[in-house]
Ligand SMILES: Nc1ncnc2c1ncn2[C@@H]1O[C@H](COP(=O)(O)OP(=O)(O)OP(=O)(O)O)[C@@H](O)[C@H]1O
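This document opens with one chain alone, in structure tokens, the form predicted alone.
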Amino acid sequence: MIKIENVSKKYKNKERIISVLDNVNYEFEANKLYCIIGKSGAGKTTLIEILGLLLDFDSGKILINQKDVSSLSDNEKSIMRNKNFGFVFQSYYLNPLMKAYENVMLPMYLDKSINNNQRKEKAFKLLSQVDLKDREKHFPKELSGGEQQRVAIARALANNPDIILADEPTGALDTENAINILNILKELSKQGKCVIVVSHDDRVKEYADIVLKIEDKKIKEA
């Protein structure tokens, strides 16, 4: 799925150069749920943004489904993100002026091969899969935090991506809703997707097939 080879990333802060990742190597596979842990500032979010082609890196190589993406243009990266990745964030990023099914439809508008009725039908099906049947026409403000996160997951699945990247997806949720989200992510991994979760939440480790730790600018199995 994703292979990273000797990837390094530095930030410039005024006159200082801060190295976050240094010659990182790892291969993420399908049918697995990965949990990435590490201290605050260790580089967890930086890594997941690099994996999702949201952030450039300084050196090294990334292969996604055996395709080298290191030198892709911004437009090519955008196309690959939409086709291969689903993103789930702690803050949900739902459009407050759109109903749940309309939020789920958003990524589908880049696919010109389907019409609006097909998009709507697919959005309703995805919301049903995350146990939000009968909540499809509610606005985000009418949904609980856990329900909003499930809408975000349904939206992440809109284009049937191979890879799910989740950054602190349970951080703002109570125990019951967090467990619901983790069960959904685990099931997605069992369905053949590569699910990568960055989290401070110890509960995530219980669901992970592999726990990774970012420490001293490297990735290692915890």
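All values derive from a computational prediction rather than experimental measurement. Numbers for residues come from their place in the sequence shown, where the first is 1.
Beyond the structure shown, there is the form predicted in complex with this ligand, which is absent from this document and is the topic of what follows.
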**All of S78, F85 and P107 within 4.5 Å of this ligand in the predicted complex, heavy atom check** = no
**4.5 Å heavy atom contact, K39 and this ligand in the predicted complex** = yes
**Message:** So, V20 and this ligand: in the predicted complex, are they within 4.5 Å at any heavy atom pair?
**Reply:** yes
**Request:** Flag R203 as yes or no: does it have a non-hydrogen atom within 4.5 angstroms of any non-hydrogen atom of this ligand in the predicted complex?
**Result:** no
**Prompt:** Even though this ligand is not shown here, does T45 get within 4.5 Å of it in the predicted complex, heavy atoms only?
**Reply:** yes
**Request:** Go through 177 to 185, 24 to 32, 150 to 158, 45 to 53 and give me the stretch that gets within 4.5 Å of this ligand in the predicted complex, heavy atoms only.
**Result:** 45 to 53
